[in-house]
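Have a look below at one chain only, the form predicted on its own, in structure tokens format.
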Amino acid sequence: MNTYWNKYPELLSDLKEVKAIMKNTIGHPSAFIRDPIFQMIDSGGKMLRPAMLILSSKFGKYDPERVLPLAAAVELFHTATLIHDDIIDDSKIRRNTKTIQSQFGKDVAVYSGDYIIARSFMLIHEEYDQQMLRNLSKKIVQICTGELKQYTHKYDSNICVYDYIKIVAAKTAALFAMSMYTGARLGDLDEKTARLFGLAGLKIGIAYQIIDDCLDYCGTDDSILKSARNDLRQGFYTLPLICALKYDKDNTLKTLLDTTDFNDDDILKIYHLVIDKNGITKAKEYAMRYTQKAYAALERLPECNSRTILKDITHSLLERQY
């Protein structure tokens, strides 16, 4: 969490409790599993999704005994997906720290991610109504489907913006949407209002991922805290590249993508072509469009202190420097 939540001491206290629940839920397996998992939990993530769940619940009747365990389950699931993503992407760095798979090997990383998912379901299986559990399960399926859809488009130079947005909406934004919708329902807000929260989370999540993908082209390993440009090396074509392909009238970029083995020289050429063909500029326009949609969705939520905090958080996430 670092110092991200220091200006919101009540929320910071809640999130510290969430982290304690996460560790307690992991239990006391052998050090073989426990040490890498605890390292991941302590590695400095912002815990955005549990924070959004907690804040959304505070629009209504806030019951920490019901809200905080579910917030912990959401963050545990998110943690597991990050571990598995790092395996697939062969990522060496996450949050400015060596990934589990690079430190302990892919076997330990797979077992750790699977163990976390199992423990997260144990945390929630008896305490919440069946409809809520069904909704959570549907969102988890949606996230997995998004990951699979992204995989089917590996090295696909014909991927379009629509395909990209569908992937992002599923694999990233769905968990934001689920967190805010579930928080609202835990606060006893009605279904119609809770759906507004889900919509706000969806738009925030899409804008957040687009900005991340732009930073992957503009940033360095230090500034984005992960292996820069790794998506391209793995064959995942994100929005700046997709936008550049739309303006690739002479097919220079497409031809290079379809013939390269992604050596360092070709990757440098691709990056220059993305810049020359206004890929980053156009992707930023999409980011701004979804940022405005996110703000508009937040404005429709009931006015209270939690909405002010959500708007403040959204501003910090979506107005990042490229």
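Quick caveat, the model's predicted, so the values are computed rather than measured. When you see a residue number, it is the position in the sequence shown, counting from 1.
Form predicted in complex with another copy of the chain: not shown, discussed below.
Three residues, 33, 137 and 151; all within 4.5 Å of another copy of the chain in the model of the complex via heavy atoms?
Checking in the model of the complex: 33, 137 and 151 are all within 4.5 Å of another copy of the chain.
Have a look at 181-189, 246-254, 115-123, 202-210 and name the one stretch with heavy atoms inside 4.5 Å of another copy of the chain in the model of the complex.
Looking at the other structure, the answer is 115-123.
Can you tell me whether residue 87 touches another copy of the chain? I mean in the model of the complex, with a 4.5 angstroms heavy atom cut-off.
Yes, residue 87 lies within 4.5 Å of another copy of the chain in the model of the complex.
So, in the model of the complex, is residue 147 in contact with another copy of the chain at a 4.5 angstroms heavy atom limit?
Flag for residue 147 set to yes.
Test of understanding: in the model of the complex, would residue 195 fall inside 4.5 Å of another copy of the chain by heavy atoms?
No, residue 195 is distant from the partner.
Is it the case that residue 214, even though its partner is missing from this view, gets within 4.5 Å of another copy of the chain in the model of the complex, heavy atoms only?
It does not: once another copy of the chain is placed as it appears in the model of the complex, residue 214 has no heavy atom within 4.5 Å of it.
Here the chain is shown alone; which of 169, 108, 232, 159 has a heavy atom within 4.5 Å of another copy of the chain in the model of the complex?
Residue within 4.5 Å of the partner: 108.
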